[in-house]
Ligand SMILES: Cc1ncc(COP(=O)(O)O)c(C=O)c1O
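Starting off, we have a lone chain in the form predicted alone, written out as structure tokens.
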């Protein structure tokens, strides 16, 4: 039976009654705005209103929407093949993407696992670490150490290394494996390093390293766990302690990769590398779901020499040719510069311009409801003292022509890199107006 809704209201009603959106209730769902198109930095609503997107579709659409080069890459690949299984089959888009990833990441990385989403890339990374020690004959290394306030995805294994004080742990206490947590670093990115900040981590690793397979952290920026920015020296100390105590280090750069913090990868702020790296979100420029888990020869060869010499993971859509092709095109768009390039002066210059524009958000800092304003690269965060009313504040922002999706007590933006100075000023100005003219709580 063919189903075709005749009006916008028809399909919106079906959506409200039957489609479960992220982190919302079916009994009393948050309102959804009907988007019918997207171009450059704009989302077009069904009534014709255009909104400047401040979220890059959850940080993934770094080049904006409907980019011609990305569309062309999809069409060209689709005419050859959209998908083939990756088991026992190789194809050029996957090889070309793997080569690009190894080219733009540090030389220590040699092997790439192409996952189908960011959370699965984390799942694979955790599995790699466990299987590495199994293959090394050290089967007591079966737990993980991380910092509070982190977020690594919604599957159970990923949840187990996410912040232990959020609803995920309290909802599923018997299903989530218990791991080790220390307080997150308190020294901010731009502050002077406080040596005591590493004490809790040092103690945890010294006392528990015999059972710890790996440390996993989001480098520099904790994303969905609170948009917390911390000092690069913390990462340097973590790397040194992992080396001393024979523990692997995993960096989750799913939110921070591909330039968002002002470096191509956030780990570059500390000038160190992990043993396993996860990337996703912006990998395809927000066009399709794809992620990668990248690791060293040591990790790959140790697993491949073990009692079970294969990595025990294989998603149906891993290495999807369409996604790989558009990811190659997105990386090329990001790195090209000069006349005719999307970023003529380079992506880093564009991020610097965005960072300067985000300084406008500091106009809110003296408001009684604002606790903190922090900015790094293409990320701007206004932290409120109390959780915001998402429904009311989002409606107010939409009325001013911008799309921002607050969560908890955070009103934050990660706009597409293609945003103009004027568009960014409009985006920041709307946030400032809404905070200063109304009580968002």
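Residue numbers count along the first chain shown, from 1. Everything numeric in this text was worked out from a predicted model, so none of it was measured.
The same protein has a further form, the form predicted in complex with this ligand, not shown here; the description that follows concerns it.
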> Since exactly one of 215, 254, 125, 327 fits, which has a heavy atom within 4.5 Å of this ligand in the model of the complex?
Replying inline: 254
> Out of 146, 119, 77, 160, which one falls within 4.5 Å of this ligand in the model of the complex, going by heavy atoms?
Replying inline: 119
>> Only one of these stretches, 264 to 272, 149 to 157, 236 to 244, 195 to 203, has heavy atoms within 4.5 Å of this ligand in the model of the complex; which one is it?
In response: 149 to 157
> residue 281 near this ligand in the model of the complex, any heavy atom under 4.5 Å?
Replying inline: yes
